[in-house]
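Just the one chain here, the form predicted alone, laid out as structure tokens.
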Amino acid sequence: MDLQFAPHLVEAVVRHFVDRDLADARATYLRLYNDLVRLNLDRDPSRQESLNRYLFLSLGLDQPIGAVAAEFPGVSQEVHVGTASRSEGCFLVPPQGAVLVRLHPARFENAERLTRFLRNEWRHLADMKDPAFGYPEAPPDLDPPSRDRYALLWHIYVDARTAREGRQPMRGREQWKEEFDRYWAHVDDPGLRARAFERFWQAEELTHPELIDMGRDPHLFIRRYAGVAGDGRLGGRCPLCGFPTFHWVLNGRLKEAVAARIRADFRHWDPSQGACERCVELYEIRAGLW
């Protein structure tokens, strides 16, 4: 395994530990730095870099990344670790397929949390490299609500498999269930939501196109995993009028002019949520389609 840590990351992490005196880093750093001063080497950048690297490795700060990479040997044998300017994460770099890891220095404070985070990220990469998963060459083009649901389902699918292996996932089942309930709050029956989530948590083989489809159409997810037959008109509250309904008009049947009129009144509404037939009829009239 070729595991490379960028000098600027090592320096930033060491400074973070020294400034906060984590793991007794300050005393060790000052002792080594004073040795450089006595030898008149404190202004030598290479010596300072060596000091930072020694302290970084002696504190075992490299170990979580090396351990997780070893859990997924098929992803890549080349890993480059640097600082995150914005979002943290692990990325595949074409064409060789090296893994690029971007982390904030504070992430190294808790080795267990870092390990769980990286494990989630690395399994995403393993999925992307699996031909059976069907990840496309270009990222999917989704509207924000669909993208959020799709990302949530993929995270759950990743952590569920990790938990079944007996390893610590990034989040546990109950944590993911709480977030799932927020995204599928339009399904008024909590038992239906719970049944769908539990079956999804046990899913063993999914493909990327399936995750995309269920992200775009939240009713499709419920139909598939709650064992509900029919055309997707599940009992729930209309996001517009708030009344219970079994008669939905979903994204594929909504005319763009109608959707535009609805969004003018409900700016957080998304066509994938659908609406009850009565509300759609009202907005068809307002759009001049009746």
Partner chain sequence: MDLSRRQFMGVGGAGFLAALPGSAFGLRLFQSAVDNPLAHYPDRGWEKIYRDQYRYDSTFSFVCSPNDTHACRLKAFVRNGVALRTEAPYEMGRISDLYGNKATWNWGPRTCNKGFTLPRRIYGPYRLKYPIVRAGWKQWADDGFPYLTPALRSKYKFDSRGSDRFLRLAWPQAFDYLAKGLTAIAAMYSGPDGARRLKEEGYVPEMIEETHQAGTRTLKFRGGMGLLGVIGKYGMYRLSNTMALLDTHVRGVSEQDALGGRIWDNYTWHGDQAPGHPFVHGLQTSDVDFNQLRFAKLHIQTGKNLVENKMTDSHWFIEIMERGGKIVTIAPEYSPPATKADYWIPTRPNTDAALWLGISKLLIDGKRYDETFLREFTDFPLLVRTDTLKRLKAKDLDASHACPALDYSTSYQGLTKEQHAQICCPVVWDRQAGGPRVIHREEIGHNFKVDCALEGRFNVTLADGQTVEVLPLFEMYKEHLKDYDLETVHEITHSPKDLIERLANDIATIKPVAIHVGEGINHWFHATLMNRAEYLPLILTGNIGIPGSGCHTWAGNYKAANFQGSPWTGKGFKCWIAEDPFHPNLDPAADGKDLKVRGTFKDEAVAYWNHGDKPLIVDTPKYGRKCFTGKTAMPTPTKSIFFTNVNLINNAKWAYEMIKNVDPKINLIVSVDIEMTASVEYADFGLPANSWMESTAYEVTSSCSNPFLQIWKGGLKPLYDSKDDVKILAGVAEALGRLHGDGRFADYWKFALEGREEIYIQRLMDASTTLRGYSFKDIMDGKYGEPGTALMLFRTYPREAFWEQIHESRPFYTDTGRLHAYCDIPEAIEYGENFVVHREGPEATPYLPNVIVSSNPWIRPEDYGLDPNDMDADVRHVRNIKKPWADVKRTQNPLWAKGYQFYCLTPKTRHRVHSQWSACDWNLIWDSNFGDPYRHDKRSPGVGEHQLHVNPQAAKDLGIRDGDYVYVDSNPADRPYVGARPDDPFYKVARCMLRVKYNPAYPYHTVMMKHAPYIATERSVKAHESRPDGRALSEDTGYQANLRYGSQQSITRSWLMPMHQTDSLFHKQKVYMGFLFGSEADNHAINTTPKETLVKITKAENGGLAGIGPWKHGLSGFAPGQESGDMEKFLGGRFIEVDHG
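Residue numbers count along the first chain shown, from 1. Keep in mind it's a predicted model, so treat the numbers as computed, not measured.
Omitted from view is the form predicted in complex with the partner chain, to which the following refers.
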>> Using a 4.5 angstroms cut-off on non-hydrogen atoms, would Cys241 count as touching the partner chain in the predicted complex?
In response: yes
> Taking heavy atoms only, is Gln48 within 4.5 angstroms of the partner chain in the predicted complex?
Replying inline: no
>> At 4.5 Å between heavy atoms, is Arg286 in contact with the partner chain in the predicted complex?
In response: yes
> Looking at the partner-bound form in the predicted complex, is Arg278 within 4.5 Å of the partner chain by any heavy atom?
Replying inline: yes
> Going by heavy atoms within 4.5 Å, which of 66 to 74, 217 to 225, 51 to 59, 241 to 249 lines up against the partner chain in the predicted complex?
Replying inline: 241 to 249
